[in-house]
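Shown here is one chain on its own, the form predicted on its own, set out as structure tokens.
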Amino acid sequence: MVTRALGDYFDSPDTLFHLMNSATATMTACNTLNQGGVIAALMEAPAAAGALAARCDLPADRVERLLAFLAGHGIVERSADGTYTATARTQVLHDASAYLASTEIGARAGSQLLASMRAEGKTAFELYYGQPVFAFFTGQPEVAARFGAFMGWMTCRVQRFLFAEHRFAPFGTVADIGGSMGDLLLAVLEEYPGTRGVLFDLPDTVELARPGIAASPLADRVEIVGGSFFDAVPPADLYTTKQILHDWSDEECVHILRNVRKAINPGGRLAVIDHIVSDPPAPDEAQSTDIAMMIWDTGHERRLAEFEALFAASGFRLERVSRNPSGHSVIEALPVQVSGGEKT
């Protein structure tokens, strides 16, 4: 994927306005039409805005304006008689609905970024919503489920790269730490027949995940465990952590990784699936996600040397890296053995 530096849009006030105005309108239009059910209805069959509006109990004139915006940007098609038709791009929009909704939540919290920089110990999310992000999710199960769907969408983005470019050494049991709805764990179990998996996340989160796991043909290979990775994690041969370490400060990450080090089976491995920040800076996904992490929580995206430092502080050493030019990379680490082969 070729990325374009946002600075290219700052060459004139006209291009800057186009960028910012289009970004705001895109998020608004996409979220409104997704959450209002219009996009789902359009995916079923072509229809005029009025018919879609009536089906979704929304005002026809505003649905028309929102769809016209998407048509103008090539996300849906509009015929001469006013009929709208879904395209492959519309499918992308529909599939990304949970991501777009979560982005809207983050954008609201982003209004407090400056205040959080001046309020030591408070994230922008906490200042806006009154609670740290994961405590907020506990009290908002619908929002938490949507965020879990967003994580599943991110898993779909990375798993093709993961399975093609980073094959795991043989393992018996894989534990996905902070595994959300279980999308990554199920994908790994399908890719590696004969293995078993442990879905590990907060108790409220794994309860949300339980129905989806139960409906999977791989359910009999999955153990669901609720708990906090700040306390302890289950034993396993392979640990995966996708978009987990970037949520937390260095001190918190070392705490998590030390718990993995204590539990890991002999010969086990740790696979961190996260962005790697380029050095010098480049206009890639890691840079923009790093700003998001500044809003959501205490963590940040990291350079490879920073991951190595986390490993060294928690009893691991870097083994291999599979860099993904279009998203999350895979950083694999091995436990450091002390004399006699005992765990640290």
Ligand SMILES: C[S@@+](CC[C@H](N)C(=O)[O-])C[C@H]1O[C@@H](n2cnc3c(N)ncnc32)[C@H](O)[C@@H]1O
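In case it trips you up, residue 1 is the first one in the sequence shown, and so on. Remember, predicted model here, so these are calculated numbers, not experimental data.
There is also a form predicted in complex with this ligand; it is not shown, and the following applies to it.
Participant: Taking this ligand as it sits in the model of the complex, is M151 near enough to touch it, meaning that at least one heavy atom pair lies within 4.5 angstroms?
Facilitator: Result yes; M151 sits at the interface with this ligand in the model of the complex.
Participant: Give a yes or no for D247: in the model of the complex, does one of its heavy atoms lie within 4.5 Å of a heavy atom belonging to this ligand?
Facilitator: Yes.
Participant: Just to confirm, F230 within 4.5 Å of this ligand in the model of the complex by heavy atoms?
Facilitator: Close contact exists here: in the model of the complex, F230 approaches this ligand to within 4.5 Å, heavy atoms only.
Participant: How about K242 - does it come within 4.5 Å of this ligand in the model of the complex, if we only consider non-hydrogen atoms?
Facilitator: The answer is yes: K242 has a heavy atom within 4.5 Å of this ligand.
Participant: Going by heavy atoms within 4.5 Å, which of 86 to 94, 73 to 81, 177 to 185, 261 to 269 lines up against this ligand in the model of the complex?
Facilitator: In the other structure, the partner sits against 177 to 185.
Participant: Looking at F134, Y128, F161, Y192, which has any heavy atom no more than 4.5 Å from this ligand in the model of the complex?
Facilitator: Here the answer is residue option F134.
Participant: Though this ligand is not shown, can you say which of L202, L208, A109, V254 has a heavy atom within 4.5 Å of it in the model of the complex?
Facilitator: Here the answer is residue option L202.
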